[in-house]
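First, one chain by itself: the form predicted on its own, in structure tokens.
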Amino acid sequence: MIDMQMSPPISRTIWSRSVRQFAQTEPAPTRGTADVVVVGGGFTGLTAALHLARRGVRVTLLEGGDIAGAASGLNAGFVVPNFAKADPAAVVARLGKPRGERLLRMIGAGAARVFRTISEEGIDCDAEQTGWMHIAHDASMLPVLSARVDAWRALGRPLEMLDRSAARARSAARHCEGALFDPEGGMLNPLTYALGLANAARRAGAMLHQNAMVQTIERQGDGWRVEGQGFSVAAKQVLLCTNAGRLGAAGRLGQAVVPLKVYQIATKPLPAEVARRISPQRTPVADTRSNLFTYRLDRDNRLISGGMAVLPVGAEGRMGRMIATRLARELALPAVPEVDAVWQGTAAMTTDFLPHVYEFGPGFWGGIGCNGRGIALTAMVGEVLADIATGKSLEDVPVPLAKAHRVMFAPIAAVAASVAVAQAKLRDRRQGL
């Protein structure tokens, strides 16, 4: 008889209150075998496991904590099919036209892939493909956004540039001079999406194990031995999908990024008339400030927003009040909304703001670098890792390949990000924003 385990929801986020399914997993085997071991039970690992299982590969997924218990379950739920910090032109300049455009097409397909998977697998995660808006907070940003729209349209994507009137018909943001609109974006409950991916992977044949922290991954013959306390799995190939984690074997991948703490809040539900005024078509929003302003509604009309703290130590309560106050100011709310939940996750930032695939040895790969675009991007990176594990030529892989390296002075870089937030806030005040 199989001893089934049910993954508990993350208790401190708003998402756990609407969980309608749990991840069905099994205890890690004392000794087992697989064609591919996937290490990490977040969006990337679950997506890779799903694609591998669909192809008939014997895949075992090992998660050190709960399925979706780290960055994936702590996400804000924005589904955005582009880069947070890299313009299309910059990507092509860095990688060259063929590879750069291949990567851009992959990224641009991410949101549509997410919503298609949700439909195919019947995942109940409050998904709404209502588009995504990138608002120009100042008229000087309109040419920047317009150039991005032109670049994406040249690649066949259906973006459009909204003038001030059309943008304000979709958002009540106080500083809105126009906007980039991507109709393929949207929003969802990230925790239930991840749990749905887990159950879809299991239905396809993947073996899922949580509370199975991988400590070592060592070469054994022509394959690998993946071990943790009380278990050992031999596999031909290994995919490391552990985001910015640094415990155990995850450190090989986590050392390649700068981990940034991001705080998210959910307000109490807004009255229906207020929700309709601030987001008539329920379109999630971000603006172009360095201290960017974001917001979206959840299924119960709670406002979801986030930000980074200048002083991260003990910041949850302080950030909750600060973000709620900003929401009231930017959206002309009748009062500062009451905060229902505050939580903190970690964003994995690469030094060039692009995703990367790393080779740690023959048949041992890792993928990382969402840079704040975790949902749409992982839908593609997970599939890319599955492609590599099933023999796709590395020349045809759209994600840049890189050698594993340690980001020097990562703690200093994280502090520098806090300093940048402080400078951005000061600049906004001086400009009356």
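In case it trips you up, residue 1 is the first one in the sequence shown, and so on. Model, not experiment: these values are computed from the prediction.
This next part talks about the form predicted together with a small molecule, which is not shown.
Only one of P337, G77, G110, P259 comes within 4.5 Å of the small molecule in the predicted complex through a heavy atom, and that residue is G77. Checking C370, M380, V59, A48 against the small molecule in the predicted complex, a heavy atom within 4.5 Å turns up for just one residue: C370. Proximity of G345 to the small molecule in the predicted complex falls within the 4.5 Å heavy atom cutoff. Of the heavy atoms in C241, some are within 4.5 Å of the small molecule in the predicted complex.
None of the heavy atoms of V357 is located within 4.5 Å of the small molecule in the predicted complex. Among residues of the shown chain, G374 is one whose heavy atoms approach the small molecule to within 4.5 Å in the predicted complex. For a residue to qualify, one of its non-hydrogen atoms must sit within 4.5 Å of the small molecule in the predicted complex; all three of D66, V214 and L247 qualify. In short, of 205-213, 153-161, 327-335, 169-177 it is 205-213 that has heavy atoms within 4.5 Å of the small molecule in the predicted complex.
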